[in-house]
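First, one chain by itself: the form predicted alone, in structure tokens.
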């Protein structure tokens, strides 16, 4: 799909992967609508990229965002939140918030904007998921579940649209990315490996997924190995997970 002149809506665009994606899309010549809750950061990214900032709470106001954005050619569902800790100690409010932001909001926003793409006979929807949604991560059970739901929804929607609509669907599965995500979830990333990758690497993968109609992209690419091992040999996979923690 050609991005030059395309109208692209990016959620969670005030920092991290969203801000990096805005810069990559601007370099490709896209017309940007940038959504987020942090007005100061969002307007700074909009000024840098020539985009239009829409400040809103996506989980509470998906229809407001869809109306303010108007018809779009590309939707990048990037906004997400995390939480790390024992599931048994997770509050109901936190659980509901993760499900609302990470799963329900992108599905609902897609539902609101997809008819315009179908009517136009072209478009692309991107879901930024996580490798956690494929392999499951201890102390991040609900986060992993929301990302798994997003991956499955993207796959099902791709099958539904594939033969007649002209609308592509891509899902991105990043690993550890150097963004404020870990700071905001309240638990820093302390592992020596894998090392966090820059958000620009994920942003470039998003652009490539749209341009070349790639259904699924792992960033970095070696993450395909544990994902495939889990499906092909679940016993050895779980043994390795226990060994490496």
Ligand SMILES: NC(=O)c1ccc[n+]([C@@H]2O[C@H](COP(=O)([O-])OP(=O)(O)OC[C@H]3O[C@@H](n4cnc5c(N)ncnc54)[C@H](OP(=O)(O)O)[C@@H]3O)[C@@H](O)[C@H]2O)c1
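Positions refer to the first chain, counted from 1. What you are looking at is a predicted structure, and each value in this text was computed from that prediction instead of being measured.
The following text describes the form predicted together with this ligand, which does not appear among the structures shown.
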May I ask you to check whether residue 78 falls inside a 4.5 Å heavy atom distance of this ligand in the model of the complex? yes
- Message: If we define contact as a non-hydrogen atom of the residue within 4.5 angstroms of the partner, is residue 36 a contact of this ligand in the model of the complex?
- Response: yes
- Query: Is the gap between residue 68 and this ligand in the model of the complex 4.5 Å or less for some heavy atom pair?
  - Reply: no
Q. Any chance residue 177 has a heavy atom within 4.5 Å of this ligand in the model of the complex?
A. yes
Exactly one listed stretch (158-166, 87-95, 122-130, 107-115) reaches within 4.5 angstroms of this ligand in the model of the complex by non-hydrogen atoms, and it is 122-130
Answer key: of 184, 214, 52, 201, within 4.5 Å of this ligand in the model of the complex (heavy atoms) is 184
Assert contact residue (this ligand, in the model of the complex, non-hydrogen atom within 4.5 Å, options 101, 72, 145, 134) equals 101
Within 3-17, the residues having any heavy atom within 4.5 Å of this ligand in the model of the complex are 12, 13, 14, 15, 16, 17
